[in-house]
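First, one chain by itself: the form predicted alone, in structure tokens.
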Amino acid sequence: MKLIKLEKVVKIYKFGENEVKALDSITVEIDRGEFVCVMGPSGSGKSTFMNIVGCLDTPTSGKYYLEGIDVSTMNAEELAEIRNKKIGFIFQQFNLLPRAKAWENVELPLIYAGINSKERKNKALEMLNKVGLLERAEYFPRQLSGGEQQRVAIARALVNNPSILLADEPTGNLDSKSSIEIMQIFKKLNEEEGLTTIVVTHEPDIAAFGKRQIRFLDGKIISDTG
């Protein structure tokens, strides 16, 4: 069974009387344990693809199966549950709470999951250790570099033991050294723990970290290599 399977997925956005076809009959499969980089210029459909895979959006038509379950017909509440249990998100903006310490930012998904406070903190510290930031656990975001803030965001994405790690332009706000460090963390998580990792990027040197590269243009997949 494929972890991710999209069948003829179309996504149309309406702006008044105008329609934009962001995805044009996309069919693609991703196995458990893959490291995929999704590329393409702005407006090519790569972020829409990511939003559908991450259950942040639903197809206009076509089917999306996640772990064999048809999620394309789920309601908002069902999609929220899938996101919380199965998907770890990382964005270009780190989306950290400025008045919360590093470990408090990491524990947030566990609060929604109803985990007790002691277990939450232990798990948050464990995840910070995994991304090499345990010694910064008591720091606030303003005391951390951009690369360190993104590592906190990765730890937060991992804390619920997701099936899939989705990263949308995760190095977009970072210098080249920090970008490489972040991608090496993804590579290590993928190789050592088998975590399925999907990274959206427009940078070829970042995409090179993936074992597979899918390239979008005008809402279509124009190449799929690796």
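Values in this document were obtained by computation on a predicted structure and should not be read as measured data. Sequential numbering from 1, following the sequence displayed.
The form predicted together with a small molecule exists for this protein as well; it is not shown, and the discussion that follows is about that form.
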Note to self: Is it the case in the predicted complex that 125, 129 and 140 each bring at least one heavy atom within 4.5 Å of the small molecule?
What the structure shows: no
Next item on the list: Would you mind picking out the stretch of 159-167, 59-67, 40-48, 173-181 that comes within 4.5 angstroms of the small molecule in the predicted complex, counting non-hydrogen atoms?
Entry: 40-48
Notebook entry, point to check: residue 22: heavy atom within 4.5 Å of the small molecule in the predicted complex?
Noted result: yes
Check: Might residue 215 be said to contact the small molecule in the predicted complex, defining contact as any heavy atom within 4.5 Å?
Finding: no
Check: For residue 211, is any heavy atom within 4.5 Å of the small molecule in the predicted complex, or not?
Finding: no
